[in-house]
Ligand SMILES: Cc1cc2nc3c(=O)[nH]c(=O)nc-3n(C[C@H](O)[C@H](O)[C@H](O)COP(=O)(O)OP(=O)(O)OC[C@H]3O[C@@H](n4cnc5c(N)ncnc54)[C@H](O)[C@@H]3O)c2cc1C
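Next up: a single chain in structure tokens, the form predicted alone.
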């Protein structure tokens, strides 16, 4: 059946990428359809019951300022909130929240169902309809054909998904949910390169069988900070997690039963996530370690199900139970759901543009684990970018691109489309060259203007953020132009504040750079300073204390932009450039970099090759000559 209603955009998949792509398209006025295998699984947290974490918190806040929902959803459904790495510098501070998985899923489903311009249907997409290398819609397992001008595929682990528990295997996109068996074949027929990856999850335990008194409580922050800049106050519980450890006996059970591991028995051949290894991998590869951390995390405010973070495993049910019962506090534990590994199809992301549109098929966008990433947050950030660009594609606008110098989302997408991945990609702060500027705390300040210009942020919200920025600049200027003098009274106060005396006229900004001083202590010294709210105070302190490093990083960004602004024509013929090796020419033709900067980041493209390319472009391309 050809469905009688046509759509602007069709989203395939109702996971974290699909949700953000659907909502942003509908919010931008696109007539949008979301097709998903199971309506009740929209927003399902397949693995850990948490949002955020190291570098992932940055992604969530970037999704938020671009008009996404993940931050608001976790603010409404979190069980505890915590800032990680508080003892380190602000560049690596990261928000993390434990989630009530059921509440999170239900609220997200409610949000989608009540979103104007969005239809939701439960059907499995089997085929992408294409005509003249341009997407036309999709065909489902029911034979229905839905027509649209753009399609965003966000299938997670569902394409030809296969689950492993010990030596037992069965087809599934997620435990006990059917896989998508035909869609990846359709993508192959369209000329896309499709490969396999693996990931896994942990056993879920019955809280009634855990001795929590033997474990170490891990509460959230007493004064929690919300993810969304729109959330003014968090009225959520602070439910603790608990810490325990594996031991030598645990490791002994695992090592004796490696033949029950599909990874070590050779059943699974695809590559798993390096930075989230199974407990089998940890025990084998880090043999010298006598213990590994295990965090027991609540999955639901009312459920007894506990997630054992750190115990990802695909070993047999019997082995899982045996090694669990060697761990302190888990001596009598019962498994509610076993851990498992899942193998699935993904598309080589180097076949995508920076907009996440495929290079081969116009109007076809991919986002999330289909691009080789892992994690809810990585999926959501891709989903919103793919969604925005699907809408902009239809509106005839320039693609919405975030650079490596602008956002962690920009780093993530640039890494994927420029370098590709052979293992599930996970975001880290170390992947961002300019992480002191791309901090989590200043996300809305640095992206507000770009978001507002793209129509993703309301004028009221934009003006509120601009007022914050003006206030920060005003306070910094005042501190740099307010001086104190080395009087006996001033130096007495400085000693009382635990800092060195001054010998010459000194501005307050210079004093604030001292490690032992903060804005509140400056007010004790100079009561005329106004009282500030926590956020403004924090940003003022960071900007002044790290001013030298920030200036240096801004200079690095200017150098970076110089090469990013040297654009390479989309239809550029690399076969005409003499002096390039066949390997370098092949990589340039495959990736089709949009700028000299991107070309420089392609693995194997040498500085000598870049010089040859720049000389040729300056000589033969007027647009490049002018930009250079």
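Numbering follows the first chain given and starts at 1. If you're wondering where the values come from, they're calculated on a predicted model, not measured in any experiment.
Heads up, the form predicted together with the ligand isn't pictured, but that's what we're talking about next.
- Interface residue among 98, 157, 314, 381 relative to the ligand in the predicted complex, by the heavy atom within 4.5 Å criterion: 157.
- Put simply, of 73, 201, 320, 389 only one has a heavy atom within 4.5 Å of the ligand in the predicted complex, and it is 201.
- Taking non-hydrogen atoms only, residue 47 approaches the ligand to within 4.5 angstroms in the predicted complex.
- Although the partner is absent from this view, residue 589 stays clear of the ligand in the predicted complex, with no non-hydrogen atom inside 4.5 angstroms.
- Contact between residue 183 and the ligand in the predicted complex is found at the 4.5 Å heavy atom cutoff.
- For the chain shown alone, residue 124 is a contact residue for the ligand in the predicted complex, at least one non-hydrogen atom being within 4.5 angstroms.
- Stretch 369-377 is the answer when you ask which of 292-300, 207-215, 369-377, 515-523 has residues with heavy atoms within 4.5 Å of the ligand in the predicted complex.
- In the predicted complex, 12, 13, 14, 15, 16, 17, 18, 35, 36, 37, 38 are the residues of 1-39 with at least one heavy atom within 4.5 Å of the ligand, listed from first to last.
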